[in-house]
Structure formats: structure tokens, C-alpha cells
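Listed next as C-alpha cells is one chain, alone, in the form predicted alone.
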Amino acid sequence: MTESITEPKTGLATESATGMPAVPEQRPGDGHEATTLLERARVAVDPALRAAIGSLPGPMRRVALYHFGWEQADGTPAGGGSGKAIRPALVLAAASALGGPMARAAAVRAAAAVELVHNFTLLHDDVMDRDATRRHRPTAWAVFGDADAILAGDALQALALRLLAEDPHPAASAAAARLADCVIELCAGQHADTAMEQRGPDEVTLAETLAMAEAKTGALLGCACAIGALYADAGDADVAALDAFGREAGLAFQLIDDVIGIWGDPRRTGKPVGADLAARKKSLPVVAALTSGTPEAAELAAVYATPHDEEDDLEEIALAVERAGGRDWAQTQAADRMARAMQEVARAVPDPEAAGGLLALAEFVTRRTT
């Protein structure tokens, strides 16, 4: 999905007694906890990611290093960000919430595996959606071609499963099975998304769009949290609760991401203004608008029934979505999903202080600005 926030800077060099990167402690509620967790996650997982990618054959390694922002297309070093590290941060935060620092340290390899799967989906999504820009530069397929980008994505998925297969931790086998199931669900969600794009604007329901979004986005966030719980030796009920927490937070994330996809600032999103509308993407705000029964819904359906051309007024189309209630619905639904997420995490981690990292990350993904 779209990476729409500037990645926090890393570079923390010292380590704690558990072997994890040491960072300044932040007081709860001071607005920095999520950023700190993301920084710590990126510093913790990057060595595992680089080592895994470094084991790939040359052509696939080159594409992967470019995709992660670590190299330019010509192979020279690059200083670009490799993403926000939300998913590995959730793995580590869940492990810490249920098992403390030692469980967090043990889950680093699993967190890297989740991040590899996430980037596998990004490489494939960009090809299928024909998105030419990600993280403020051309996408991998736009630079290296479809075949190389697809094969690099396939390799990242294989690396993820190899990391878990080689992990001696007792939870690794269950984590690998859960991650494999998640990949199948992600593929089903992507298939549903692709199929929906071929259907008319009056043939898509809001319920199936929500189900598709949960499979494409919520599933991996839920899987990340569940894997963290597994590495903390949590019981089945707690693993299920954290999976549900991640799914609800993930759906809230997707709702906000879809809002940003229509009304976001290109300087922050790295994508052209109105790209989703120009592509006639049936995002959640658009489908909510199309099914609203308002005059603007009919106007929007007529626009979506025709291919994009240079005379399209994308700002006017965005306004039609807003007038039909799509933007307000998406923002309200995101808040509702976050409330459900909070209920789920409280089942597994009733102590708010222990759950603080998970809650801070969930708040971060739904408090993004356009």
C-alpha cells in the first residue's frame, strides 16, 4: 500500500543489555512513543533484512536493494527510507507486551520476515496497479521492468519463510504457518481487488470492499501482532485477540490511506495528486460515495464508467466523493475500527502500560495527515 509518511531517521548505535538497540525512553502520551518504537524496529530488523537480501542472486538483489531504498538503480548507495517499519514494530511490540524484553529480542527474525512479506506485496501491487511512484521515486517495475520486479517480490517471500525455517525459536514453526496462511489471504484480497476494478461502479458493494481491504491490509497487521504473541508464548485466546486487534487497526489504516490517496499532499504521499481517482480505483471512500444514494453518487458513477482522460477535473471528482459522504464515512469508520481494536488488545493485555506500545502504534497509523 501507499507509503505516505516520511520515515523517521535512524542511526542509533548503542545497545541495551538484551542486545536490542538502546533509545531514549519516552514518557507515555508525549507524542514520541510511536516514533521511538518505529526507530527501534527499523534499527533492529535492518541487519536481518540486509543479510537476507544480500544472499539473493545478483539481479534480484539489485532490484530488492533499490526497492528498499538502499541503492540507486545503478547500484550506488542511496540514503532513501525503506518504509515506516509499522509491521515489524507491531511484531516486537506484541512480543514485548506479552513477554517482556527477552521475547522482543527473540522476535527480531520473525519481525524481519513479516517486513519481507510486506515488501513482496508492494512489489507485486505496484506492477498490477501500474503505480509508477513509491517513496518519492520510480517504482521497481518502472525502472527494471515487470518481470524483474515480480521475481524480486517472489524472492522476498521465499526469504521470509527461510528466515523462519532457520529460526530455532519454538514458535517459529507456528509463525511460518501463520505467515503462509496470511500470504494466501493477501493474494485472495488482491484477486478480489483486481476483479472489482473490472466491474461497473454500480456493481460493487461496500461490504465486499471492506472484506477485500481487511484481507489486503488488515490480515498482515493482524498476523504481525499474532506472531509477536506467539514469540511471547501466549495462549490461543491472546494470540487470537492480538490478531483481531491488528486486523481492526489495519482496516482503520486502509481507510485513512484511501482518504490520503484522494486528498493527500503529493509532497508527502510521493504519488501524483488524484492518482487513485485517475485510475478509477474503487477505494473505500469512493465505494461509500457510490452507494450513498445521493445525486453526487450518480454523478460519480457516470465519471467512473468512463476511462480517465487528460480533461478530467480530478479536484471536482474528489469533491463529488466528499459531497456524497465518502470522506466523512471513511474517517468515521476508521475511528470505529480503532475503538474495536482497543477492545481486542484489552482482552489480551489488560494492563494499559504493558499495552502502551501497541496502542501507540495503532494511534500512529490512524492519525496520519493528508
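Values in this document were obtained by computation on a predicted structure and should not be read as measured data. In case it trips you up, residue 1 is the first one in the sequence shown, and so on.
The protein also exists as the form predicted in complex with a further copy of the same chain; that form is not presented, and the subsequent description refers to it.
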| said: Is residue 124 part of the interface with a further copy of the same chain in the predicted complex - any heavy atom within 4.5 Å? | reply: yes
| a further copy of the same chain contact at residue 273 in the predicted complex, heavy atom, 4.5 Å | no
| request: Flag residue 317 as yes or no: does it have a non-hydrogen atom within 4.5 angstroms of any non-hydrogen atom of a further copy of the same chain in the predicted complex? | output: no
| Taking heavy atoms only, is residue 253 within 4.5 angstroms of a further copy of the same chain in the predicted complex? | no
| note | Interface check vs a further copy of the same chain in the predicted complex: of 102, 142, 240, 128, the one with a heavy atom inside 4.5 Å is 128
| field | Answer option from 233, 299, 148, 197, heavy atom within 4.5 Å of a further copy of the same chain in the predicted complex | value | 148
| task | Assess the spot marked by 180, 183 and 191: is a further copy of the same chain within 4.5 Å of a heavy atom from every one of these residues in the predicted complex? | result | yes
| note | Testing 242-250, 70-78, 275-283, 152-160 against a further copy of the same chain in the predicted complex with a 4.5 Å heavy atom criterion leaves exactly one stretch, namely 152-160
| Out of 38-68, which residues reach within 4.5 Å of a further copy of the same chain in the predicted complex, heavy atoms considered? | 56, 57, 59, 60
